[in-house]
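Okay, so here's just one chain, in C-alpha cells, the form predicted on its own.
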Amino acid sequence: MYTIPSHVNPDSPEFLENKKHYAAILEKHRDIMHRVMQGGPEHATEKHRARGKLLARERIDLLIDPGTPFLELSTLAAYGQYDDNFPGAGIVTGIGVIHGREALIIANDATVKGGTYVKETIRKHVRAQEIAMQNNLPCVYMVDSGGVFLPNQAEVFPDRDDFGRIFFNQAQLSARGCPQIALVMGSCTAGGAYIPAMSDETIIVKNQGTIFIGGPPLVKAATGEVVTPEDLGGAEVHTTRSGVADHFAENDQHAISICRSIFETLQPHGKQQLDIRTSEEPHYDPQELTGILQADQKKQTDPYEVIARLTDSSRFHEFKARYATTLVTGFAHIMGYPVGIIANNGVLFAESSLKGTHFIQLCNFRRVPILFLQNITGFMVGKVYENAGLARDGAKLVHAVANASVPKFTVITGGSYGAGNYAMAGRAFDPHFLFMWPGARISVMGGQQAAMVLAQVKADQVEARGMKADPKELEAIKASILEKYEEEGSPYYSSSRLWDDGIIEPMQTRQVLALAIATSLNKKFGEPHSGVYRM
C-alpha cells in the first residue's frame, strides 16, 4: 500500500469557501440532533423522573460496559413529521457492548407520547431487529411503552411490516439462536406484551413494570371487572403466579444489573476472522474533510482526498488505477479493519461497471468487507453508450453488489441519484449499514434535471395538440419541482423515513465504520456466489 498524496491547500479560497459552507451545515445538524435527543417535553420528563425512572439513554449508558461507545441508529426517525411531537420516533436503538459482546439495544422513550408507536417507530424497531439478524447479535428490549398510537392505528397495525412484524422477527431471532432479553421498566400492553413473553429471559421492575394483553380500561369495558394495573399484570403477579417474567427488580438500576448478569451466562460464539492490525490515525487531518467537500455539488469532490482522511496512515492499495477512472477501487484499513473501498469519481460507464464487478469478486474471495463511498449522479446516458451495451454491463455490477458474500457498508458523502444509488449499494441492496453525511442529497435525479424533464414532457404534450406551450406555465412547473426535490432530497427527509441508518458527521466516519465492521464479524461470511451475468 502507498500513502495517498494530498493536493489540498487549506489556505486556498476554494477550501475556505467549502469549509465555511459545511460549517453552516454542521451547525444546523448539531442543533437538530441536540433537540431530538432531549426526548419528550419537559413536563413529561419531570413526570418520568418523579416515578423514579431513568431516561432511555441513561438506561443504555448503565447497561453497556463503562467507557465503551454506543452506536445509535436512526436518531432522526420521524423528524419533521407529526409536528415534531415524536422525536426519535419515541424509541432509541443502537449497538453497544455488554460484557465484551456486541448487542442490539432497543429502548422505548416513554417521555414521547408514553412510548407509543407510530409508523416510523415500528420501522425503526424492525430495522434494529433486521440488523440483529444480519449480524447474529443478542437483543435487549428496554420496554416502557403504551403500545400502538391509537389515532394512527390504520398505519401501524395490519400490514406485513407493521406492528406484528416485531413479534415475527422475535421468533426468527430465537430460531437463529440470537438471545433476547426483555427489561419491563414501564407499561407493556396489548400486542406489546409479546415482547417479554417471546424473549429468552424477562426482568420486570416492582411497582413500575406491567404486562397485560388488555389493560384495566379494556378489562372493565369487556367484562365489567375493576382491577388495578399492578394486580392485573405487575411484577409480583408475573414472577410468582403467571411465570411470564423470570426476574424481579427493585428499580431500573437493579433491572439493568440483572440484565448484565444474564449476559455473563451467554456462551461465546464463533466470529469471522480478519487480519486486524493496530489502528493508525490518517496521515492527513479528517477535520479537513469539511474544506474538501464541494459546496457546489455540480463539482466533483476528489474521492482520493476523502479516502486519505478515512484510512489508516492514509494508505491505499489501488486496483485498476488507470482503467475506468470514474470509479475508484482498492484495499485499505480503517481503525485496523481491512476493507475494500469503492468510491465514485464521476458518472458510471460500462467500463466502470466491469471494474467494480471485478473488484467485488476479489473482496468476496479474499473475505474483505466492502465500503461504498457514494457520490454519484448515475450512469452515463446517450446513444453511443446504450448501443455499446451499458445496461448489460451495468447489470453485472448490480448483480455483484446484490450477491456480495461479505458485509457491505455504504456512506453517502455527496449526491445519490437514480440507478447509481442501486449500483453503489443503496438501501434496496441490503448493506449492513447505510449512513449519510449532513450535506448529502438523495433522489431519483437532481432537482434541476427533474424540473427540465417534466417541463419538456408538458411542452411536448401541448405541442402534440397543435398548440404552443406557455413559457410562464413551464417556469411554474420547474419552480414547483425544484422546491419539491429540495425538500425530499434532504438527508433529514431520508433519515426521518428510515431510508438510512443515520446521519453522521464526516469526522465521525472512521469510528462509526469501525464499530459497524466489528459488529458484522459476529456472523461468519457466506461463500462467494453470483447470478447469471449477461455476456
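Values in this document were obtained by computation on a predicted structure and should not be read as measured data. One rule holds for the numbers: they count along the sequence shown, beginning at 1.
Only in words, not in the display: the form predicted in complex with a small molecule, which the text now covers.
**Asked** Wondering, does Tyr385 line up within 4.5 Å of the small molecule in the predicted bound form on heavy atoms?
**Response** No - in the predicted bound form, heavy atoms of Tyr385 and the small molecule never come within 4.5 Å of each other.
**Asked** in the predicted bound form, does Pro151 have a heavy atom within 4.5 Å of the small molecule?
**Response** So Pro151 counts as contacting the small molecule.
**Asked** Any chance Asn364 has a heavy atom within 4.5 Å of the small molecule in the predicted bound form?
**Response** It does not: once the small molecule is placed as it appears in the predicted bound form, Asn364 has no heavy atom within 4.5 Å of it.
**Prompt:** Does the small molecule get within 4.5 angstroms of any non-hydrogen atom of Ala395 in the predicted bound form?
**Reply:** Heavy-atom contact with the small molecule at 4.5 Å: absent for Ala395.
**Asked** Given that the small molecule is left out here, which of Thr311, Thr189, Thr93, Asn421 has a heavy atom within 4.5 Å of it in the predicted bound form?
**Response** Exactly one listed residue reaches within 4.5 Å, namely Thr189.
**Asked** Between the options Gly447, Gly147, Gly164, Gly378, which residue brings a heavy atom to within 4.5 Å of the small molecule in the predicted bound form?
**Response** For this set of options, the contacting one is Gly147.
**Item:** Stretch in contact, per heavy atom within 4.5 angstroms of the small molecule in the predicted bound form, of 279-287, 241-249, 111-119, 345-353
**Value:** So the stretch in question is 111-119.
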